[in-house]
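Heads up, the chain below is alone and in the form predicted alone; it's given as structure tokens.
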């Protein structure tokens, strides 16, 4: 499994040897071309773009709405951005549009520091360079569970039982947090839970498969979990849940590993040293953890000159190097030489190496269309406007129309 290999690669990396010179990032060349970059806004991208900035003439745009802005920005000619921060869930529109370029020549010239695990190959060409792995795993207040005599939950049924005990104790505002914001986030929560119940999102003939026993089981579990959340959970994204943890208002959440380091940020967290991680819970006995495996990395625009592309790639390499890992070791589960896993990465590694292992999120057009349909149609179920059966039927109808327009279905 690709992602299992990635996670293990991080686990066996050697100790860091580099450090920022005088506390500041360094760059081995002077960039003379204006380079812009659009990526997500979580802590790892802050660290990486800080490293890139040392080369000069670099303007990062860190925006959680990057996934909706990138296709149009990269389709412009010339491209609005020379670099993009992507994941296996967001690279597909750029690949389909042909707006990012193969990187093999640039890697041969300037990528000596990269390992094979970092090279994301599509149809025999390297189209992205991965810098980290990511996965949603269980994060929990170790002190609260210990005080209440609760064992670390390993299944979603155990999470519900633990949530009930925490709620009765009244030690936090809400026992649970979740990235249930209407749109992309709630769709991802469904993807995780649906996969945990063994469902098949899209069949081999490109027809949808979510209106099924597994789909109903996933929605039922998600709805039961909301009973222990902030009632405004449909506006709750990753940053919201991170802040809920940091402010001590929740005790458990299945949250991105890329958010774990923020729990111990003394500048903004009230729960330093109190949050632990474990594998994503199982939805059913004998199943895989109810999560999907992701990578995050960089791409280079196609609609720019070769000279700009070379400067952009060299700038990127200055950001995804061992200096960045040494400066921000807890910001991510890095795939970069120098990374050593810490306690907060234990849950992500346990999720990725479980047997059976969770699937990697598929970088396919079909999955992109399904994810959009889920994000648009599922909120009506959680607001009580439609039944679970009606919501799943609406998802399949929306997907089918989109797949027909894309030429995937007749």
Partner chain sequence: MKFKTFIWFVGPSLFLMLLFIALPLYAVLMGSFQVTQPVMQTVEVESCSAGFLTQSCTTEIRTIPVLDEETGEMLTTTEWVGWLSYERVLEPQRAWDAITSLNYGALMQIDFWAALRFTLMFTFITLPLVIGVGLAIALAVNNAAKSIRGPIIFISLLPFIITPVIGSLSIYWLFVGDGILTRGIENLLDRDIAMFAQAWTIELLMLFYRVWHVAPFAFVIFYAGLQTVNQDTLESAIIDGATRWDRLKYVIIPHLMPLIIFIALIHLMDSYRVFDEIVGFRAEAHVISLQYLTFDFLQPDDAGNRAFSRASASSMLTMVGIVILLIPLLRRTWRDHKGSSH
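Worth saying up front: this structure is predicted, and the values here are computed from it rather than measured. Positions refer to the first chain, counted from 1. C-alpha atoms forming the largest set that superposes within 1.5 Å between two forms make up the rigid core.
Unshown form predicted in complex with its partner chain; subsequent notes refer to it.
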Q. Among 159-167, 309-317, 199-207, 322-330, which stretch has residues whose heavy atoms lie within 4.5 Å of its partner chain in the predicted bound form?
A. 199-207
Q: Verify the contact flag for residue 174: yes if a non-hydrogen atom of it lies within 4.5 Å of a non-hydrogen atom of its partner chain in the predicted bound form, no if not.
A: yes
**Q.** Touches its partner chain in the predicted bound form: residue 64 (any heavy atom, 4.5 Å)
**A.** no
**Q.** Exercise: residue 360 in contact with its partner chain in the predicted bound form, heavy atom 4.5 Å
**A.** yes
Q. Though only this chain appears here, would residue 47 touch its partner chain in the predicted bound form if you measure heavy atom gaps against 4.5 Å?
A. no
Q: Find the only residue in 272, 108, 235, 148 having a heavy atom within 4.5 Å of its partner chain in the predicted bound form.
A: 235
(Q) I need to confirm a contact call. Of 133, 260, 250, 86, which residue comes within 4.5 Å of its partner chain in the predicted bound form, counting heavy atoms only? (A) 133
**Q.** Contact check for 96, 182 and 401 against its partner chain in the predicted bound form, heavy atom at 4.5 Å
**A.** yes
(Q) Could you pull out the residues of 393-409 that have any heavy atom within 4.5 Å of its partner chain in the predicted bound form? (A) 401, 402, 404, 405, 406, 407, 408
Q.
Core superposed first: is there a CA shift of 2 Å or greater at residue 255 between this form and the one not shown?
A. no
Q. Would the C-alpha of residue 156 be classed as shifted by 2 Å or more between this form and the one not shown after rigid-core alignment?
A. no
**Q.** C-alpha of residue 292 off by 2 Å or more between this form and the one not shown on rigid core
**A.** no
